[in-house]
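The chain below stands alone and is given as structure tokens, in the form predicted on its own.
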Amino acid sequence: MIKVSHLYKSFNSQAILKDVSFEVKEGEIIAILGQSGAGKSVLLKHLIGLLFPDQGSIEIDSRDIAKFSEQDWLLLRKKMGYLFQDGALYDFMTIFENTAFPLKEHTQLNKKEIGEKVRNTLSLVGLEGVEQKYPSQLSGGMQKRAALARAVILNSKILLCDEPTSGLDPVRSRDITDVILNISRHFNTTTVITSHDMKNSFRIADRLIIMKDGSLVAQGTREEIESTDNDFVKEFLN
């Protein structure tokens, strides 16, 4: 599904990503963990084409995205959902309008069909009855749920989540990760999450990647990560 090979990226001669390689299987949930500045968000932006590597390659469905045309990107991004760290909801739109926006832009569904799909998707993330509220009227956790609903409203094939628990208390952090797990399984999405939230990532991820200073230092299942001999990983886990 997703294959990252020997990825390098620098800004102003400062290396941000250094020889990063990993694969994500179809329907798998991968969590990329690391301290602030490890390169997690930069890596995620490469997967959606907001940034391009200096060296290395990224393949999605066995196609090198560096060779994509604008039309190729348009078609792929219709299949990709992106959950921004702050949710990035339009504050001048209601939750219904925010969630419906991708449907109005990219489908030919009529008003009734859009309404039904929006309500069903909001129900999947536990947001029944908030359609006419504005983002400012919702808690931070509810805003992230609404943003997640918008991210998957087109039945996303790939879901990218940038620090989904950032700014949330432990209870809300657990809630949003549970919702991401349920949504991923419901739509069979291939899900990549960046996070510093080790506890919740370990709960929901099929495999984990740990980064340090732009380099990948460990990857594997929870059991494999916990049994590693790498000193940084041991320190990070503790």
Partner chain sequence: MKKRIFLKHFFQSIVAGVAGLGNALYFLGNVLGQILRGKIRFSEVIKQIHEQGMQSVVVIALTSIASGVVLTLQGYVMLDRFGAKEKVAALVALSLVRELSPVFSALIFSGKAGARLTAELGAMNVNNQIVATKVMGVDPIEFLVVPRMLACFLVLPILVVMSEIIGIAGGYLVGVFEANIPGSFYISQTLQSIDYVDFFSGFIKTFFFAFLIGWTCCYQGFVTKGGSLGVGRYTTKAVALAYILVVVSNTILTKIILTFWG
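None of the values given here were measured: they were computed from a predicted structure. Residue numbers count along the first chain shown, from 1.
One more form of this protein, predicted together with the partner chain, exists but is not displayed; see below.
With the partner chain omitted here, the record of contacts in the predicted complex names 85-93 of 107-115, 164-172, 122-130, 85-93, defined by a heavy atom within 4.5 Å. Put simply, residue 48 is close to the partner chain in the predicted complex: some heavy atom of it is within 4.5 Å.
Remark: residue 157 does not count among the residues lining the partner chain in the predicted complex, judged by a heavy atom distance of 4.5 Å or less. At the 4.5 Å threshold, heavy atoms of residue 101 reach the partner chain in the predicted complex. In the predicted complex, residue 150 approaches the partner chain with a heavy atom inside 4.5 Å.
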